[in-house]
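Next comes just one chain, in structure tokens: the form predicted alone.
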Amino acid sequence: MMTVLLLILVLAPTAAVVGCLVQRSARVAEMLNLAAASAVFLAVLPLLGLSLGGPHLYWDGYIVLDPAAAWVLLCTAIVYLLASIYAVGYMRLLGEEERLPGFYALFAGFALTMLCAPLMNNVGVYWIMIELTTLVSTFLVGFELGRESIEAAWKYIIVVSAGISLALLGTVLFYWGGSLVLGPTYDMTWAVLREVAPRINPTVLTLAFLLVLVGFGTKVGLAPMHTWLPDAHSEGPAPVSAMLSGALLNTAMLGIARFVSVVDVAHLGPMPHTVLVALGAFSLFVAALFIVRQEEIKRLMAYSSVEHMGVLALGFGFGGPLGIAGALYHMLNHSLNKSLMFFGAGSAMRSYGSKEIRKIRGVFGRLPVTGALWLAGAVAITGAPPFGLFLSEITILRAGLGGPNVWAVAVMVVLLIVIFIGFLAHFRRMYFDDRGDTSAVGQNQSGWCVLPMWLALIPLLVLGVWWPHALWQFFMQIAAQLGGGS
């Protein structure tokens, strides 16, 4: 049963890629991609329960399914499905019918790389899959072929590849350190790395960890390695932006969490967690500065991603059952919420013909339903109740109060308040300030664009008023698997 479900995760998007490349009909391509996204989502749901009691190994130990991998797969599958629905309506507005089969082939291929990465049991193969996500998504970032989008694509691949190169160097150091204990050749799985970590030279282990943290932190978008993220998220088509923010960043964050669990068993002291917490706090600081003064709507969403990756880093950095549970809950809530925000931003941009916040005015009048959903998402993304992000952020704050990095709790509270005020100030102007140029004639939004916004908002509200006990138990298994932090 589990093997069949894992095969669906791989074969469904692969079939969509092949189908989109073989035939050249835009309508067939979008339906093939949507069918693949639906199959992936339906396959992931039972994998959550089947992953309990893991890790479960397949294909000579190269594939691992454990609760942590299953959780990231769930977040990816949700965003893939929502973005695929939205893409049907949004991509038709671009007037690129002949190029849409190629777009959907890349889109399904991008989803395939993100679905494979969390399942990689070999640390080196995991690095390869993360690099593949970069190579495939670069073409999606530059899909619109404008000067800004091409520049963003080049910046994305150069900056991220440089960071991933550091992660490769750190991975090599981990392997070398282990080879001094286990011999020149061995299977560097996550479990083996945790077993051998206490016997690796502490200096080598510390250097290796810092390199992988900076390397994968670049992919996550943690400041100051975040410079690619605002351009890539703002220049790609809206469905691609949702995939980048709501799905891709989680796959790299999972790697950081696994490496933290490796160095935890080596008893290196508070250093690994303190560095991760410092990067998280600095990411919040950078995000707050740019959100307050932002002038473009999708870049506003992009810096919000930097903020929430900082929150995730704080959760895993604080560690313990509360920190890990809060971070995992935040992953799901952010995936839903950021998808909603990029969908709303894409619809507003198409309606007003502009990315500039000053040119988007009277949203309720022009987009009553989409506007209402987008505004609700804006309130939710700032961590306000009664939405899911409020619960996850409160849980992370509670985790920080009991640890050595309590200073970060105060920093987090202050910066979240600043971001709340700055972010919603932009929406106040777009919704309630009638000044500015609103003469541009927009394009009507189809039901394909509105439906996924509802599908994202409703769970956000439910998760904000009800944290299912089964989820808490699931998170406790992941916390135990990751060592519970320190």
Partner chain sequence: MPISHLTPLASSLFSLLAIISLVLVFVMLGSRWLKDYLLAFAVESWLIAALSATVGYYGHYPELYLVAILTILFRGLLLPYLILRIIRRLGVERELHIAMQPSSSLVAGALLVIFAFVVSSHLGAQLGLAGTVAVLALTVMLSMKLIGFLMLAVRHQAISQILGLLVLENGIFLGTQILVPGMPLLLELVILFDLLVVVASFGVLVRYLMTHVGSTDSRELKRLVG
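From a predicted model like this one, the values you see are computed outputs, not experimental measurements. Positions refer to the first chain, counted from 1.
Note that the form predicted together with its partner chain isn't included here; everything after this is about it.
Of the residues 258, 330, 299, 273, just one reaches its partner chain in the predicted bound form with a heavy atom at 4.5 Å or closer; this is 299. A heavy atom within 4.5 Å of its partner chain in the predicted bound form is found for exactly one of 282, 364, 390, 186: 186.
Contact check for 124, 158 and 179: all three have a heavy atom within 4.5 Å of its partner chain in the predicted bound form. You can rule out all but one of 112 to 120, 81 to 89, 289 to 297, 244 to 252: in the predicted bound form, only 289 to 297 has residues with a heavy atom within 4.5 Å of its partner chain. Proximity of residue 225 to its partner chain in the predicted bound form: non-hydrogen atoms within 4.5 Å are absent; the residue sits far from the partner. Proximity of residue 148 to its partner chain in the predicted bound form falls within the 4.5 Å heavy atom cutoff.
Its partner chain is not drawn, but in the predicted bound form it has no heavy atom within 4.5 Å of residue 382. In the predicted bound form, residue 131 approaches its partner chain with a heavy atom inside 4.5 Å. For the stretch 149 to 173, the set of residues having any non-hydrogen atom within 4.5 angstroms of its partner chain in the predicted bound form comprises 150, 151, 152, 153, 154, 155, 157, 158, 161, 162, 165, 166, 168, 169, 172, 173, in sequence order.
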